[in-house]
Each structure stands twice: as structure tokens, then as C-alpha cells.
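The chain below stands alone and is given in C-alpha cells; this is the form predicted alone.
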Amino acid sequence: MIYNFDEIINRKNTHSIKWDAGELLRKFEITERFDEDTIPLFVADMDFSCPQPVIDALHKRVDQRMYGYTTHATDPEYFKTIQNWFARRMNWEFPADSIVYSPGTVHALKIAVRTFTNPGDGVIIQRPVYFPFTNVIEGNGRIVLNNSLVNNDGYYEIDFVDLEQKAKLSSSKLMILCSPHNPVGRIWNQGELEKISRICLDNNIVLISDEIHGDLIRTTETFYPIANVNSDDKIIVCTATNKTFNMAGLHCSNIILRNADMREQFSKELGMQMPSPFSISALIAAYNEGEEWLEQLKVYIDKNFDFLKNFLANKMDKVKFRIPEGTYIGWMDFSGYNMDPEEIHNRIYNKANVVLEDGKIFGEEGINFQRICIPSPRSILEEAMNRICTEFKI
């Protein structure tokens, strides 16, 4: 079927953290203004309808009229569906018993930090990076070891000399890789992944790869699961349906741990976790029947990025922007305006009434940047950018 990603779906008053969280955003001083006219483009979820097979599967589950405890662990279809998706889409194969359900990726990272490190140990991340990485490290009494990415005119690369130095530290025990990277949008190539893997293996560093954006890549790009270039069975890979199919509220991540001893340790710390009956139905429908929707979505997101790039080039050429290789996240550099970050924030959030995410929350490397999530109907994106442009006409 043909999906209409231009459709405007009213999400207000639906308990949406994106559209209904004004009070919460003000509480945490993310924005002073949030009203009926606000355009929120800060949360990494989509303003698009889920694939029709997912909707149909959820209706079928609702019609069963009972929503009790689940037994996904004894259901071979659940595991086979996951295996088939990654084998078909990414040529990545793994045994069914390596799959561990988690209610969320950040929760899984927290469990991994607790399981494979001790208080005071160092955990390597690569800023500017998704800020919950920092939270799960510092919130559990571990130390952030920042292998800062190198910004080459919007194209970010890894400082492998620094990475190796940090990996050799006696306190360094674990690395969290973001692949594709949020927010800079890099898809790490095979050579880069091989270097990361070698450095971690040589220094006995547990490597976790957050790959939940791996399906959301440009139509001209190829994503490389780290497991396909790393023979070490001690790596941990985080996967999820939430970003791919706009199902974050169903809380369904699947963590791949091929090493049996590590899987046992992780599972013990994780405790008993059961997906909801809706999560199970949605995952099976999405992975078995959602490819048609996903391929159309990727084309639409590519066009949204084309729009954003052209808009900035023609109307706000002081903003540096490069279309990301992966994710649906834009990383915009406002440093060309020579304004302090507070003034940039004020013009976007309070005057234009558009909520993005200040780059500084991803690390000091993000100062003067803004993160924008663009999976919305183009008319919404266009209105947001026109408002922002108006406030920067100086």
C-alpha cells in the first residue's frame, strides 16, 4: 500500500511527551514557552502513523479482551521474527538464545554498566553523544572517559589515538558506541568498526553498540552491524523496534549477547522482564510485514533532509549543516551567528516557539549546536524553519 506521510495527525492531548509535555519541559528549564502554537521537534519519535500491519495486529490483540502476563520467552515466533529481520536486512545472523528482552535501550545500558563495571571504573563514550549515556554512567558511580569526536566541517571522525590511550587506562572497563551516531549522524564504516573492535579486544574492554537507529539510514547508504566485523562474542548489541517503526511507547528493545556467561550475568542483573502483549504483537507484525512502510519512510525522510539542507543554504547560510548518513536527526551549527548559546536558544524556543534540543546537553562539543528531529510531515518542518529563520534575520 501507499503511505501518506504528509498527513497531519493531531497528537495533542494523547499523553504524548512530544506534544503534551509543556509543564515538564518548563520544570526542567528546557523552554520557557510551550503552548497550543508550539512546534516540538525535540523528541526522537515520528509524527507518522505506524505501519498498517502493526495497527491491524494491535486491533486483533485488543479484540482478545485480556492482556495478562506474557510468555514471549517460550514463543519461537518472537525470536525467529527478530532473527529473520536482521538476517534479511543486514546479513547478520545470531542464535535465538542470544536475544534478551529489555523494556528499553537506556535501561539495558544501565544494566550493562552495573553488570560489567564497578563503581569508580571508567566508561568510554564519544561526545557529542546522546546524553543518557552520561546519565547511566555517572548515575551509577562510574567515570566518563570522553573520546571526543573530531568535527571536520560537519563530518565527524574518531580520534583513534585518543581512544587507544583511554582504553589502556587501568580504570577503563567498558565502551558504549552509538552506531549510527546520535546526534552527528555518522554510520561508522567497516574499517572504523574494525579499529574500535581491535582496541577494545586488545585492552579487555567490554564493547556495547547501540544500533537502534540502524534501520533509519539514507537510501544511498549501507549500515554495518558491528557483529559482522567483530568475531569477539563478548560484544553487546542493542536493537529495538521503537525508532524504526515509531513504537517507542510499546517499550521493546532486544539485546544481543552471544557470550553465554555474559548473557547470564546481564540477565541476572536485569531481572524478570516481560514485554506487554501489545509489544509482542507489534514487533512480530512490524518485522514480518513492515518493510514496505519502512522503505517509503526512508524516501520521505531523505526528502525532508533535502528540504532542510536547501532551506538553510538559501535562507540561513550562516548555519552549517550536513545531511546525516543515518538517523532522522539533524545537527545544526549556529556558531556562524556569533551569538552566545542563550541567545540562540531564546530566538528559537521562546520567540519562534519551536522546541529543539540545545547541543550543549550532548557535551561541550555541542555548544552553539541545535539538534532537530525531522520525521514529521514536511509542512510542519517547513513552518518550524520559517519561524526560526524570521528570528535570525539580523
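Quick caveat: nothing in here was measured; it's all calculated off a predicted structure. So that there is no doubt, residue numbering starts at 1 and follows the sequence shown.
Quick note: we don't show the form predicted together with a small molecule, though the next part is all about it.
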Stretch in contact, per heavy atom within 4.5 angstroms of the small molecule in the predicted complex, of 174-182, 261-269, 280-288, 141-149
174-182
Of the residues 208, 167, 212, 227, which one places a heavy atom within 4.5 Å of the small molecule in the predicted complex?
212
Selected contact from 117, 134, 105, 246, since only one has a non-hydrogen atom within 4.5 angstroms of the small molecule in the predicted complex
105
When the contact criterion is heavy atoms within 4.5 Å, does residue 44 count as touching the small molecule in the predicted complex?
yes
Proximity of residue 130 to the small molecule in the predicted complex, heavy atoms at 4.5 Å
yes
Is residue 253 one of the residues lying within 4.5 Å of the small molecule in the predicted complex, judged by heavy atom distances?
yes
Touches the small molecule in the predicted complex: residue 242 (any heavy atom, 4.5 Å)
yes
